[in-house]
Every structure is written in C-alpha cells, then in structure tokens.
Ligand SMILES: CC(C)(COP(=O)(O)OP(=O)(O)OC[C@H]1O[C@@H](n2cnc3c(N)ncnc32)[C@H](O)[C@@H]1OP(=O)(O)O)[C@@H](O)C(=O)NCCC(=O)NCCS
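Before any questions on how it binds or moves, here is one chain, the form predicted on its own, in structure tokens.
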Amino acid sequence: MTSANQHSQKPRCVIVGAGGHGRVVLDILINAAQYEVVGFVDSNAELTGRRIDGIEVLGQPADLPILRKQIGVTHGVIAIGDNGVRRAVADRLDDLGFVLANAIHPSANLARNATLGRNVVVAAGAVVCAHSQIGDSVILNTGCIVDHESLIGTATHICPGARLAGRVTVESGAFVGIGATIIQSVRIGYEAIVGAGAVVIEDAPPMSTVVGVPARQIKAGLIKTQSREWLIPEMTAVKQPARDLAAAGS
C-alpha cells in the first residue's frame, strides 16, 4: 500500500550549470516548490563537492546517468547562458531519458492561452501575454515582456527588462539584450544579437548584430533564403497552455 508521503513526493530535479544563471534557476525552483532540487552538475570538475546556495555540486554532465540510477533523478533544467550549448545539453538530457523541466517563478505572469515548450526558464516578474508561443530551452529573464501573439524560437534568450510588442518573432538562437525594445510585427533572425537598450523598428537579418536607437546593423547577417521552415519548427508541437504546463511541472 502506497503511503501519503509517497503520493506527495516531488519529482527529483538536477540543475545543469552552477554559475550565476544556475543560482537564478535554483531560486526559481525553490520559490515554485514543484521539485526537489537534489543538486547541480557542472562541467568544471573543480566545483564538484562544493555547495552553491546550500545545494551540492554532484559532479559533471557525464555523471548524469549514474546520478539517475543512484539517487532517482528524473528531471533536469539546463542553466547555461550560451544558447547553442544550452540547446545541445538539453538534447543530451532528452536522449538520456530525463524530463526537461520548466522553471517558472511564481511572480511571472503567463496568459492562460500562452504556450511553453520544455526546459524554459521564466524569471521573476516576466510577462507573457495572450497567444504567445515559447519554444524549447528559452530564457525569459527578469521583468521582460513578451506581448500578444509573439513567437519565441528555440534556445533564445530574452534578457532582463526587454520589451517585445505584439506579433514579434524571435528566431532560434537569437539574443535580445537587456532593456531592448522591439516594436510590433518585427522579426529577429536566427542567432541575431540585439544590443542592450536598442530600439528595433525593422527586421534584423539572421546572424546580424543590431544596436542603438533606432537600431542599426553593425554586423552583417545572412541573406534571407527561401528555406525558413526550420527556424521555429517546435511551434507546431507546442500545444499545452503555459499555466497547465506549470501546474504539471513539465
């Protein structure tokens, strides 16, 4: 017969990345109280055995299969700032059979019909408005705003205080700097960089860098091609409302 304690037991979760972003993710998970955070793993072997805000660094990413067997870790959140590395590590955890968990701060405001992928971090005070779609491995950092019907592609980072108006598209791997503003219906190309405080009033090409008010291109991007269907492929798979995903701990 299963005990009440077993019924109430939270999924055990590991945080991959013990740097500054890892501390933020830990704080979010503790405040959200959906998981039992059992520890960090980090590629820096010198951190193994140390404690980060009271939580032990258990080992390196290569140790994850052992940790899963030995201490029953089932869930993971990737707390790595680099967009490409975060996506690659998420794919690795997925291959190992871990559930890619979301870390959503209780003070974040998510519209009932917004949708989230997996391994999404939504920090304190972030706002996601109606019918927005957030792909896998996205960071929506402290106090950012994603307004209605925006599409945020896989492994992007929307930095603290950034403001995205309605129907903005941010393609995979892009970086929107702290305090940047993007007006309605603008598209930020894949792996593009929007500088801190920039005001973007026209599309930014893929892999370009734009800065200033209004934003101007200081690094050339790629010429647009007809092969755009892969840029935000995850959106077709993101169906579940954000509030339901948060409640389910997915």
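Numbers for residues come from their place in the sequence shown, where the first is 1. No experiment lies behind these values; they were computed from the predicted model shown.
Missing here is the form predicted in complex with the ligand; even so, the following discussion is about that form.
Three-residue candidate spot Pro106, Asn109 and Gly143; no residue lies within 4.5 angstroms of the ligand in the predicted bound form by any non-hydrogen atom.
This chain lacks the partner; the member of Cys159, Leu100, Ala123, Val127 within 4.5 angstroms of the ligand in the predicted bound form by a non-hydrogen atom is Cys159.
With the partner omitted here, the residue from Val211, Leu67, Val37, Leu47 that has a non-hydrogen atom within 4.5 angstroms of the ligand in the predicted bound form is Val211. With a 4.5 Å cutoff on heavy atoms, Ile193 counts as touching the ligand in the predicted bound form. Proximity of Ile218 to the ligand in the predicted bound form: non-hydrogen atoms within 4.5 Å are present. Under a 4.5 angstroms non-hydrogen atom cutoff, the ligand in the predicted bound form has Ile178 among its neighbouring residues. Of the candidate stretches 26-34, 39-47, 194-202, 56-64, only 194-202 has residues whose heavy atoms lie within 4.5 Å of the ligand in the predicted bound form.
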